[in-house]
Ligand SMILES: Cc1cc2nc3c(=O)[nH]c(=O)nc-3n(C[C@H](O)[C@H](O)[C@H](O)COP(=O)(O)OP(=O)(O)OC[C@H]3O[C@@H](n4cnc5c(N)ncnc54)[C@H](O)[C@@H]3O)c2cc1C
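Take a look at this single chain in structure tokens; it is the form predicted on its own.
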């Protein structure tokens, strides 16, 4: 079998693997990126592109988002293609005044990281987005929120890494591993054998399966998210719009199992992204359906109905297409970023669920820091891949 020798082998060509490749090649390391399909063929090509801090859970995830938002413009400026990155600002819509104290606490956390986030009453909200429903109580405005095309961002980082010497192995599923004691020596693919000093597992929803073959337990679960894309209708909304129910649905999947609310059972939370073409990406549902990426009639109906309720002018805009993607969900709702003590030359970077687009850039930086034994820019001890118990007894 043909052999490729590199410093770092990255398993996974989605936006996390692409960001790792960008950072590692920028620091002069020789990298191979291995994927069973093509870059962005999975989750990174089936999502919206909100680069947000206001939607993140307070704590380490919000800290990661703050760092990533500051790094994003630097990475985008280095890419050879337009990835449709722009600062659009975000509005977190308030529909129930009783949620104000909780949302204000979140806004205070965002401000602690140096990003402005303030409450707008109904009149101030409508001054910024006149087509929103006047039934809304108001909104929290975070002016620094940005939008990117996740597919183009992934491709752009991969292209730049290849320009710096990275080897790309597409349509190359992993077929096996070669071990030297507790360390990895090589990864075998359908195309060639890749020998490396260190390895990065960035396989998204497939990371758990790969990790199990290495004796690691990473209980990652695919969580399906359905989305709707409208025809072009520029000017209906300028900001990224999100309801507080989106945050509830994202953070509390357990509530869907016991709720009598049909929207909650779908895991629905309203969000709207105005993309660079003048279309609107409407979302979203969140459900556990294995690896099934089919959309559902009830999910799409809920997305469209709830979007029109908040932005009535959408009722006259045709739907162009619908799709669903799989989000890599972790039961403790935190990503996995760190080096495994059980496989000392393996770094895991996965489990970002709906935060992967925003956190990709900082994740790549952290992986590069770990590879080079530098102190990480954000404390990530609680994100270790070894936090889930003993190695699997069935490990190959």
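Model, not experiment: these values are computed from the prediction. Numbering follows the first chain given and starts at 1.
Below, we refer to the form predicted together with this ligand, which is not included among the displayed structures.
- Proximity of residue 21 to this ligand in the predicted bound form falls outside the 4.5 Å heavy atom cutoff.
- The closest heavy atom approach of residue 365 to this ligand in the predicted bound form falls outside 4.5 Å.
- Although the partner is absent here, residue 370 sits far enough away that none of its heavy atoms falls within 4.5 Å of this ligand in the predicted bound form.
- Using a 4.5 angstroms threshold between heavy atoms, residue 68 stays clear of this ligand in the predicted bound form.
- Annotated contact segment (heavy atom within 4.5 Å of this ligand in the predicted bound form): 38 to 46, selected among 38 to 46, 60 to 68, 333 to 341, 23 to 31.
- Interface residue among 214, 311, 103, 174, judged by heavy atoms within 4.5 Å of this ligand in the predicted bound form: 174.
- Between the options 203, 299, 269, 90, the residue in contact with this ligand in the predicted bound form by a heavy atom within 4.5 angstroms is 203.
- Taken together, 143, 247 and 274 are entirely out of contact with this ligand in the predicted bound form: none brings a heavy atom within 4.5 Å.
- Contacts between 309 to 330 and this ligand, taken as any heavy atom within 4.5 Å in the predicted bound form, involve 325, 326, 327, 328.
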